[in-house]
Structures are given as structure tokens and as C-alpha cells.
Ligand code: ATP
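Take a look at this single chain in C-alpha cells; it is the form predicted on its own.
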């Protein structure tokens, strides 16, 4: 299958989240969503909080990331992220509660760090979308 797949590795400070041969990859790059196929040119890109979508054996799978970096080289895509959760690992109730807390903080304003609340909301929405709830 050489040339028809690429190796995807997703690493956080705590663990190796994923190491798998995939057919395609879609990531939330800083410039917008970006697609990666086998034999892609080498690239390094910053990643936003969002949903990573990858195709294995004809099926798309998802994971939520909190931002980070992507490096693609020699048919290997490596994502370094602060946090990453496979769709099946996501606690939907916890993600929903985090979304509601962030929305409440942004709505009430007051003495809050708006950027921090907006990032918390983006992370919660990414987790819900990856879990199929958003």
C-alpha cells in the first residue's frame, strides 16, 4: 500500500493518542481547514482548537484537539497538541457543561478574561462536534 496511505500520529504531553495508517486527513489549521493526502508536500502549520477528521478503511473518524502544530513529511503527519480526544473518548455531558459555562461567562461579561472564555467555548464546541453532538 505504499503511496496510498500516510501514517498519522497524534501526541499530547500525556500520551500518544493515535498512531495509524490513514487515507486522508482534514485539520483545523490557523488559515482554515486543510486537507492532507498521501505524498503531500512537506509542511508545518499551526492548528486551532477544532475537529480533526481522518479516513481509515473507507470510514471517517474524528477527534477533538485544543490547538497545536501539524508537521507533514515523507508520508507521515504528526500532530502535537495540548489535548486530543478520540470521538469515542469524549464525555458529552462534561463537554456540554463546559460549553454552557463558557457561554455564561461570555454573556455575563463582568470581570473575566474574554480570550480565555472564547477558547474554552471553542474547545467545548470541538469536543461536541467530534462526538457527533454539534
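Positions refer to the first chain, counted from 1. What you see is a predicted model, and the numbers here were worked out from it, not measured in a lab.
Below: the form predicted together with this ligand, not depicted.
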item: Exercise: residue 83 in contact with this ligand in the predicted complex, heavy atom 4.5 Å; value: yes
item: Residue contact check: residue 47 to this ligand in the predicted complex, 4.5 Å heavy atom; value: no
item: 4.5 angstroms heavy atom contact with this ligand in the predicted complex for residue 31; value: no
item: Any non-hydrogen atom of residue 98 within 4.5 angstroms of this ligand in the predicted complex; value: yes
item: Candidate from 74, 71, 89, 108 lying within 4.5 Å of this ligand in the predicted complex - any heavy atom; value: 89
